[in-house]
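A lone chain, given as structure tokens: the form predicted on its own.
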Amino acid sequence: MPGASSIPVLDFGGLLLVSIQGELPDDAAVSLQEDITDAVVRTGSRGVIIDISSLDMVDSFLARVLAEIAASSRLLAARTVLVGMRPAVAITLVELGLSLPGMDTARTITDAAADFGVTIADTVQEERNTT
């Protein structure tokens, strides 16, 4: 059922942005997968950016769900980019032998957007430069 995950899936004109702000129970992860897939179809987005910078850990279930989101999105002609992975999360995924097939990574949302040819301006910096 769309919307059940309670994590907003924001549409930025051809890109979807999802920010996971805390630990995600298994049922909410599955709901998020459905929400993202539905949003890709509904909006015709060409990309999905998932921000996990607030997560201290990614367990095997969430890693599998993220990989499934990437696979589903790819089948719907959208690329998925994971951003904000903490070093400890990367180390844990490698130690557990988990990979995220079909999913690209970037350091920041700005970097991920640039991969899609979209520039996100730093309005604070722009304001400083004009004053």
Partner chain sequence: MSQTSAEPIRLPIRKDTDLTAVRQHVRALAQRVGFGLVQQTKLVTAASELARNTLLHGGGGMAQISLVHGERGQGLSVSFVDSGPGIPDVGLALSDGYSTAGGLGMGLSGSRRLVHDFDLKSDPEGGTEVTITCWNDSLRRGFR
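Positions refer to the first chain, counted from 1. Nothing here was measured: the structure is a model prediction, and the numbers come from that model.
One more form of this protein, predicted together with the partner chain, exists but is not displayed; see below.
You can rule out all but one of 73 to 81, 58 to 66, 101 to 109, 39 to 47: in the predicted bound form, only 58 to 66 has residues with a heavy atom within 4.5 Å of the partner chain.
Put simply, Gln33 is far from the partner chain in the predicted bound form: not one heavy atom of it is within 4.5 Å. Among residues of the shown chain, Glu23 is one whose heavy atoms approach the partner chain to within 4.5 Å in the predicted bound form.
In the predicted bound form, the partner chain sits beyond 4.5 Å of every heavy atom of Met85. A residue is said to contact a partner when one of its heavy atoms sits within 4.5 Å of a partner heavy atom; Thr92 meets this definition for the partner chain in the predicted bound form. With contact defined as any non-hydrogen atom lying within 4.5 angstroms of the partner chain in the predicted bound form, the stretch 68 to 82 contains no contacting residue.
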